[in-house]
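Just the one chain here, the form predicted on its own, laid out as structure tokens.
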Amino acid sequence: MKAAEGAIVDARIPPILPRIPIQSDKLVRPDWVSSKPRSSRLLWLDKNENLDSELQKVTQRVLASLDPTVLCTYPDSGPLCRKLAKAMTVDPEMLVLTAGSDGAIRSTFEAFVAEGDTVVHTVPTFAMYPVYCQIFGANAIGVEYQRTESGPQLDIERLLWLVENKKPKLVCLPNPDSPTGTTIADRDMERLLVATAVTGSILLVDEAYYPFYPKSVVGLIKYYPNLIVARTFAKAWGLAGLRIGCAVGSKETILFLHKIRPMYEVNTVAVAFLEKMLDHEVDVLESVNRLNEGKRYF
């Protein structure tokens, strides 16, 4: 490509470079341009999408009921936040809408993790945890699952030791974890909450699979201001395409996440759809029961 007429081209002009962590050759993301579409003739299980046909009947009705103006107006998220907060039994100021649970995870990194900070996460786990560690220049420490006769098991003592001795800025703990499907015992979760509170570490509990796994730590936020819970409506609610979720935490913590959010954190279609869909929680729970029953069958 030729330079525009009159432009000054100087070989001494240095290249444009991003932050140092972004320059790493180890940080590689998928190339969506060259990706191949998935065949509609196959049942894809790689992303844990909810394709329950009965739930789809409900979501199709909700979609058809949306006001067409949702396509040409900016979102007003206030009514949804208040309705969602009531459903989760928290104050509206205790949550912020995000682009799925992934958005909640990224916002937590962006608000709290500086270059050189220590972040602890399980191995293997959701792929974006190590990616965000690289993006934000964190010192990542992985806690590997141990092989046992009953399947992979997290070394909770190792995790607690790291918290107490390394004093990480952030501990990332999906519950259940993926791809292991493992969960944290109530007693171990309590020990971890206490340990992170003492060291001033943020504990990010990723509850993307709620209510497939019905236990939640949202009710413990009032006791542990260092706790952030990530939720998504992609899994049980069958709304992966809307890219909507939320982060829940203390009012003081969520205020920091609000400071870094974009002008509109989620789109108008997602906001309007979810506000209506919250009236169909019974249908979602019935879908969860059907899918869990199918898993037990196989």
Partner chain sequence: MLGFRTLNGHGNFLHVSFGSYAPTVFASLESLVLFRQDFGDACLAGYSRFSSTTTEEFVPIVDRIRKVVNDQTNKKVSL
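Numbering follows the first chain given and starts at 1. Since this is a predicted model, take the numbers as computed values, not measurements.
What comes next is about the form predicted together with its partner chain, which is not displayed.
In summary, among the residues Ile260, Leu27, Leu45, Leu255, the only one with a non-hydrogen atom within 4.5 Å of its partner chain in the predicted bound form is Leu45. Exactly one of the stretches 155-163, 107-115, 173-181, 77-85 approaches its partner chain in the predicted bound form with heavy atoms within 4.5 Å, and it is 173-181. Residue contact with its partner chain in the predicted bound form: Gly200 places no heavy atom within 4.5 Å of it. The shortest heavy atom separation between Arg290 and its partner chain in the predicted bound form is within 4.5 Å. The shortest heavy atom separation between Pro124 and its partner chain in the predicted bound form is within 4.5 Å.
Using a 4.5 angstroms limit between non-hydrogen atoms, Lys222 is distant from its partner chain in the predicted bound form. No residue of the trio Ser216, Phe273 and Asp279 has any heavy atom within 4.5 Å of its partner chain in the predicted bound form. Within 4.5 angstroms of its partner chain in the predicted bound form, the stretch 247-267 places no non-hydrogen atom at all.
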